[in-house]
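Structure 1 and structure 2 below are the same protein chain in two forms, each given by itself as structure tokens.
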Structure 1
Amino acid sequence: MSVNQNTQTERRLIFLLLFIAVLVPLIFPIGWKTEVSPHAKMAYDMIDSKPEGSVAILSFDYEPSTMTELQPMATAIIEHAWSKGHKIIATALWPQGPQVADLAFKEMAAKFPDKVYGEDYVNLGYKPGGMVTIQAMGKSLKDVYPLDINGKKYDDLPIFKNIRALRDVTYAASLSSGVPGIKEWIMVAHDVHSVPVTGGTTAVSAPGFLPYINNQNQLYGLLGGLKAASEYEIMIGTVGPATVKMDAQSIAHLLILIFILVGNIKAWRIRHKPKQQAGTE
């Protein structure tokens, strides 16, 4: 038997234990505290430092599959931006981005009933083309988005009063779970138009974006996964979905560590079995 052979029973046991480990903390939250990481703080500080009336682009470059990790970031950023008096232009480089943006705005609009669509926020919808779309936005936002998601004309939306192109927005934030996403926003919005860019991504994608957090400030911090979303919630002083789900994630990680330990013990026993048998003969 190979050292890494995994029997069907073991696999089923692993799945069952993981299911319980995730389920129980979701039903009975523990309330463990999360420490704020420097990258999450950097993203928070960038948004926090912008004055009232700033206009930001929030790009929803993900789909429902990664909503668990990215939607809490979206709601936390919207909450933070609105509490600072910023206006938000939502765009999407992924086809289902506008729908997830709409859900995030609906959730936050309940907390901020004074926010008016068209004045404080707008959902421009999806455009195909990835980086080329951002490049075109650099020349004229109106040419790329003549209408919003509901068919309202660009010129009829008060939020665009002083916004003609990408360089007119104060900062951009991309929540992405792949390509196109943060990288494209950095390459065009920051590198060409000098617009500060921040963003959030799934935990598994986060390591790939860390080189952009550098002295040139290509990326102002990064929210990587659910933990970073919960850190952001801590910084804005709210208990949101990420904080609630972090207990489940922590327990699941602990269980995976136990699995690694058990796997090693099993491998060690299998490796030493022939020697023991040989010794006894």
Structure 2
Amino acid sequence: MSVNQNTQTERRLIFLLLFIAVLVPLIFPIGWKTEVSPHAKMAYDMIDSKPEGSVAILSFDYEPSTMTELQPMATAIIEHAWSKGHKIIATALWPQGPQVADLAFKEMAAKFPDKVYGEDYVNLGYKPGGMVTIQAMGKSLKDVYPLDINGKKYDDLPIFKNIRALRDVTYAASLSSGVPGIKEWIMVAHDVHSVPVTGGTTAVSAPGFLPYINNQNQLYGLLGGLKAASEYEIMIGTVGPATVKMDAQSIAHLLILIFILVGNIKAWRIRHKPKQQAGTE
């Protein structure tokens, strides 16, 4: 077998092993636990401290391209909020936010069959405008969302019995992958109406929001990427999609480290082989 053929065979073997390493944990979850970061704990504690009957806004400010990281956060927060007896108003500053919200609610409804649409949760749909939309919600939620995503009138939905404006909700959480998103919720919901705000974003965007976690509590913690979503699942005691995906990612990383080690050993042996042969002659 030539050197090129040997190299091609090794590459195919590496791809096959990586495929198996990723696939097996997805089919048979391991449930490895990871250390919970202070920022994820802060977000958890804020929601956990709110009493039963609290009404929260969960804004789905992302689209399918970032669902891998943000959708597990959405399901974990919904599960946590519902387990505490909170009610959830879903909004969206991104056009496809209402669709990902529907998927999250359907997934969690299987765990909480007693939750009733209109009483325990509602999907208000998408509104353009970003910060201007949130500012308008500060004056009247009904004026911004006279109908929900299904065409039901605001006044016919029991969840809005005591909710007239943004200041009436107990807390707000934004899951965002860009602008508009968390920053706009901080600047209006917290800074103007004193509503506690938390949220989650992609791992690459998370550092940009860390300055808002400060003494003024502009942001109560932050979930950054898939790992933070798995940390949240650990805190609520569930093995969810983030934990399963982190299992696959961890095994793939471990296998890559092994490949690097084997590759370096092989390269070292090749470099030293001629010298050994020369020394014996």
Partner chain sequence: MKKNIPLLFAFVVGIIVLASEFIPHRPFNSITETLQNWFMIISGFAILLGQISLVRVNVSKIRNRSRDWQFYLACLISFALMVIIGLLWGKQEARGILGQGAAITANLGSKPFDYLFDNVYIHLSATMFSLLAFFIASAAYRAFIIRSFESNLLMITGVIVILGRTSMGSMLTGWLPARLHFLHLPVLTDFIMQYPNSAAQRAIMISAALGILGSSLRIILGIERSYLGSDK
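For residue numbers, the reference is structure 1: its sequence is counted from 1. Whichever C-alpha set is largest while still superposing within 1.5 Å between the two forms counts as the rigid core. Please read these numbers as outputs of a predicted model, since none were measured by experiment.
Between the two displayed forms of this chain, it is structure 1 that matches the form predicted in complex with the partner chain. The two forms, fitted on the rigid core, differ between structures 1 and 2 by less than 2 Å at the CA of Met46. Remark: with the core as the superposition reference, the CA shift of Leu254 between structures 1 and 2 reaches 2 Å or more. The smaller of the two rigid parts turns by 27° against the larger between structures 1 and 2, as judged from C-alpha superpositions. Shown is the Cα shift of Arg12 between structures 1 and 2 after rigid core superposition, which amounts to 11.1 Å.
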